[in-house]
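Encoded as structure tokens, the following chain is the form predicted alone, with no partner shown.
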Amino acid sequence: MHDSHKFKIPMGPQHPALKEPESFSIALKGEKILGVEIRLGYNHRGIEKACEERSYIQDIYLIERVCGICSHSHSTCFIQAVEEIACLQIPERAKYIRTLIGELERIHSHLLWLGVAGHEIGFDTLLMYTWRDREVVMDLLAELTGNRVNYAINTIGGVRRDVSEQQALDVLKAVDILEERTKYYIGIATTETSIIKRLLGVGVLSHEDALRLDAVGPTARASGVTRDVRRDDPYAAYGSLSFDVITDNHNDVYGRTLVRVKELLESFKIIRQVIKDMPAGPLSVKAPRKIPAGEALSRYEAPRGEDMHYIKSNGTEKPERVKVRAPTLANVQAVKHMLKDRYLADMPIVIAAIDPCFSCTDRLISVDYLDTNRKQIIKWQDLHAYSIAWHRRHGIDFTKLNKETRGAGF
């Protein structure tokens, strides 16, 4: 094939295969992908800056809206940092309730992803089945928290709602139903020839590349990386619970599918332990309106992978700095690698396989060049260096973080 057959096509920011606006510029030679450029910024909402102009209590509800699927993940991650700065020890019962909601959210997210993945490869029956089961989880979350999407269960120092005995029984009944259906999905994923042939060998990310590119969550674990914040840096009630970190060595979209469906079984196991061992006691402790000066970095294993929130307080009722590193930002670098030398038809499922949330990911930075009118696009390496220099000028040195945290893609 001659070089004249090389060309570029845009995918996005509006495209049927993308659930959110984002821009991909694809270099092609025939149907084969030579490379992909990803441009972020179409969903920037200024949430970090908005948090710095509001009180900590107001920020809880704003942070929940970073992502509709991972709302509890973001609010818990944020609150953990605030509680660490304020030296608050939350009650054990509150820790268990946070864990319960977090695992229900994980089930909800993985079922949603399984349906979307089925849709991307033309298996719409799987979409209908999994989204039917997702309703069981969402109804349960509505019963426990009052809301189907943004649960508002968290407050600084604990949780806002208790779990009654009847609600606990309802949770266990729902888990029994969902576990039976999940085993059916695992059977489909491991025996259905059309799924296996369509996903096997697509979007390959080796173990070494997953580490090099700082992949997180199911994307990393499907490449044999045994990394899970719930086990490695326990928070909430996870330090008292028994569960396995699911990994797979297929290193492709098929492996990411197996990891997610098998993680559902671990979530059911965790929920049963939470209901059985949940201690009695208060739901929260009193938190100060003004948080003492300090800073903290909080980690949370969201359904998509490691979520990180950095909070810097200055002794007032508003944070001085809020920084959110959502898991999609860590995984999006691996997408470029996974697409190279693949075919254009593979692009929708490869992107979907990291379960992207571009609303969580998008950030905006503006640099004014007063001495020139020229326009300049900041490259990723330059933006990274600029960010490090900016934080150092404001008294934050990320080089002091330990090697494991830096390797997690922060």
Partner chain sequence: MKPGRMMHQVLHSLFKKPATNLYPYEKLEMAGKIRGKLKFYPQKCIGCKLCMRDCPSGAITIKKTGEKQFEAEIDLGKCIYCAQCVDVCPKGALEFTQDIELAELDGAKLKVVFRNGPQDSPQEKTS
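Model, not experiment: these values are computed from the prediction. Positions refer to the first chain, counted from 1.
Beyond the structure shown, there is the form predicted together with its partner chain, which is absent from this document and is the topic of what follows.
Q: Is Lys29 one of the residues lying within 4.5 Å of its partner chain in the predicted complex, judged by heavy atom distances?
A: Taking the distances in the predicted complex, the answer for Lys29 is no, it never comes within 4.5 Å of its partner chain.
Q: Is Arg160 close enough to its partner chain in the predicted complex to count, meaning some heavy atom within 4.5 Å?
A: Contact with its partner chain, yes.
Q: Hey, in the predicted complex, does Ile57 get a heavy atom within 4.5 angstroms of its partner chain?
A: Judged by the heavy-atom cut-off of 4.5 Å, Ile57 is in contact with its partner chain in the predicted complex.
Q: Using the partner position in the predicted complex, report whether Ser313 sits within 4.5 Å of its partner chain, counting heavy atoms only.
A: The answer is no: Ser313 has no heavy atom within 4.5 Å of its partner chain.
Q: Which one of Gly239, Pro292, Pro279, Gly146 is close to its partner chain in the predicted complex, taking close to mean a heavy atom within 4.5 Å?
A: Looking at Gly239, Pro292, Pro279, Gly146 one by one, just Gly146 meets the 4.5 Å heavy-atom criterion.
Q: Tell me, which of Tyr129, Phe268, Tyr235, Tyr254 has a heavy atom within 4.5 angstroms of its partner chain in the predicted complex?
A: Among Tyr129, Phe268, Tyr235, Tyr254, a heavy atom within 4.5 Å of its partner chain in the predicted complex occurs only for Tyr129.
Q: To test your reading of this chain, name the stretch in 216-224, 295-303, 160-168, 96-104 whose heavy atoms come within 4.5 Å of its partner chain in the predicted complex.
A: Residues of 160-168 come within 4.5 Å of the partner.
Q: Would you mind checking 165-189 for residues with a heavy atom within 4.5 Å of its partner chain in the predicted complex?
A: Heavy-atom contacts within 4.5 Å come from Tyr184, Gly187, Ile188.
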